[in-house]
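Presented as structure tokens, the chain that follows is alone, the form predicted alone.
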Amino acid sequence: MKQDPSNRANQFVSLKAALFVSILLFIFAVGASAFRKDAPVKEVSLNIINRDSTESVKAFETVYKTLMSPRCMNCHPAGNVPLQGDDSHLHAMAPKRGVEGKGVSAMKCSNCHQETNTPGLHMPPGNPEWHLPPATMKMVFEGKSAHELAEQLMDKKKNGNKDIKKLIEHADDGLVLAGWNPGEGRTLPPVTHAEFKKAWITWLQTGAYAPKK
């Protein structure tokens, strides 16, 4: 029995149409997948933008003079007793660091350092998290040269296992900010917090170079 030529033509057209529709569906599927909400997104990191030893070391000059000011250094002593006053003398009450940095026995930092500054001249400054660095990670500023402090700040074994991103975030830590709100009668750090943070980020993102010894 002979097949009608018109039927063969119709079947051919149908096959072409089906193929064309299949191709269109494939293209649409691929295009849609590119816009799915759960499609992988490239992680945005705060790694080094541009290594520049000159700019990095220059920025650290601002960082160093800020960290060595009494408002920062007094809570980063070489020993286990915090420092006090603009002349950074040993704390009059002789409190000890303790394992967690919050004092020992009944002499806890929070006994005198409340959640906010105590009103009055030279009264105890306050913060909900007032403490020294813990005994396992003392992060000493006192007596450190610029070279030594820069290397220490970048050493994960000494800085609390912080990478560049976490170090940048630390600039806005509550106790760091407290240095610019020390209470009546105390000298502020040599630059504003905004200036310090800008220098801190610049130092880190241009290579975190340590000044020469």
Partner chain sequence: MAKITLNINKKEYPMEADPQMPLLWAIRDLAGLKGTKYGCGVAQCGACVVHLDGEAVRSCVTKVSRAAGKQVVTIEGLSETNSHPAQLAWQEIDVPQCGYCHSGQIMSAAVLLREKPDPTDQDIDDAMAGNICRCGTYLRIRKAIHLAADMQKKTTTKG
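The shown structure was predicted, so the numbers you read here are calculated from the model rather than taken from an experiment. Residue numbers count along the first chain shown, from 1.
Another form exists, predicted in complex with the partner chain; not displayed. Remarks below refer to it.
Taking the partner from elsewhere, residue 131 is found to have every heavy atom lying beyond 4.5 Å of the partner chain in the predicted bound form. Contact annotation for residue 83: none of its heavy atoms lies within 4.5 Å of the partner chain in the predicted bound form. Although the partner is absent here, residue 76 sits far enough away that none of its heavy atoms falls within 4.5 Å of the partner chain in the predicted bound form. The partner chain is not drawn, but in the predicted bound form it has no heavy atom within 4.5 Å of residue 72.
Although the partner is absent from the chain shown here, none of 168, 176 and 197 has a heavy atom within 4.5 Å of the partner chain in the predicted bound form. Taking the partner chain as positioned in the predicted bound form, the residues of 85-120 that bring a heavy atom within 4.5 Å of it are, in sequence order, 92, 93, 96, 104, 105, 106, 107, 108, 110, 111, 112, 114, 116, 118.
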